[in-house]
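A single chain comes next, written as structure tokens; it is the form predicted on its own.
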Amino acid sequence: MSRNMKGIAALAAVGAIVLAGCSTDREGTETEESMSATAAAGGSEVCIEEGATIGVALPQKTSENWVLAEELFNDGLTEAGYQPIVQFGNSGVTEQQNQIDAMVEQDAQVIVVGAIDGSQLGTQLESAKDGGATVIAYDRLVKNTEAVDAYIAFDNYQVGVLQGDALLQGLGERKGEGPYNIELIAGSADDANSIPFFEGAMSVLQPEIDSGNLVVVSGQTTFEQAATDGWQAENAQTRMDTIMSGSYSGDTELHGVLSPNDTLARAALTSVDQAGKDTPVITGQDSEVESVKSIVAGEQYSTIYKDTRELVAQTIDSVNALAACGEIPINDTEQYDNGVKIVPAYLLEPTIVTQENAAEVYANDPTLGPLTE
């Protein structure tokens, strides 16, 4: 996925660009940018009906946020008067493909997709589009197909930037002066978010590696070397066990670990502890309960807060816009290239969380707020 660094700074300046959700007369003249966004998406020809069936295809239950999303989509879509079909593809890509096919057969007028593997859903989503459905990629980009109208997510490249910044900040705070020994963990290669997470972080860390201030002792510095199949904790821990035994024997210390999410961070911490080494500075993402407790206790250094309630609400707002013969709001038309088209996106801002600001960030979160009191 290509991601232009200049685009991040420009996001704040992007106007209220919108993506056509149905054919309707509009007053005034569209800007060139909004017209290209509409053309790129190929908006739906018909307004969705009152009480429409809305399909939501989610991936495996690999994090607390996905489980929460299921509840929020069921409750929010039902409350708004729709008929939701919310399903997890826990058995893998084939199951998710079959679920989307079934949603099409049940005349789902909008299909929201949190893809297991965003490159393997083209046939199913093209069938959905042929049937008149609007397709929204949720949290993870759908790749290599024209059959996606919009992408709603947190800014995943910026997530990586924040993680890289946090790792450097934590090393300075907790490990004294450099150079520092670090290791890199990346997400699953079949998840379209994994590369922007890694590339965003490496935009911060690579100059420090080049200068010698950071040393990746294992030598595993590429995404392919650092990737974790299926985002599975056991896969990350097995790899870290191998790294610890092969590269950190004797007095060699591991000072920091770039981890793309909390589940993998906890797996890495277990591996380091079992190797008898001091706790490294380690990043994370998703604000999982156990990791928030760990941050408050001064163990895991950071996580990323991406409020699932906010992401689901934005997605349901987009469905409501289609029901009103309106338009899906977008605020980014240039960055998310799925290999076939630039997918117009609505990007939410992630928040870095450390021990210092956890109480403030989670103050209004009913689950996480009490953990920081």
Ligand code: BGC
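Remember, predicted model here, so these are calculated numbers, not experimental data. Residue numbers here begin at 1 and follow the sequence given.
The same protein also has a form predicted in complex with this ligand, omitted here; what follows describes it.
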Name the stretch, out of 198 to 206, 235 to 243, 284 to 292, 71 to 79, where some heavy atom lies within 4.5 Å of this ligand in the predicted bound form. 284 to 292
Looking at Thr53, Thr333, Asn338, Asn65, which has any heavy atom no more than 4.5 Å from this ligand in the predicted bound form? Asn65
Tell me, which of Tyr180, Tyr248, Phe88, Trp231 has a heavy atom within 4.5 angstroms of this ligand in the predicted bound form? Trp231
Non-hydrogen atoms within 4.5 angstroms of this ligand in the predicted bound form: do Gln96, Lys143 and Asp190 all have one? no
Quick one: is Thr134 in contact with this ligand in the predicted bound form, heavy atoms, 4.5 Å cut-off? no
Is there a non-hydrogen atom of Asn261 within 4.5 angstroms of a non-hydrogen atom of this ligand in the predicted bound form? yes
Heavy atom to heavy atom, is Asp139 within 4.5 Å of this ligand in the predicted bound form? yes
Near this ligand in the predicted bound form, with a heavy atom at 4.5 Å or closer, the residues from 70 to 86 are none
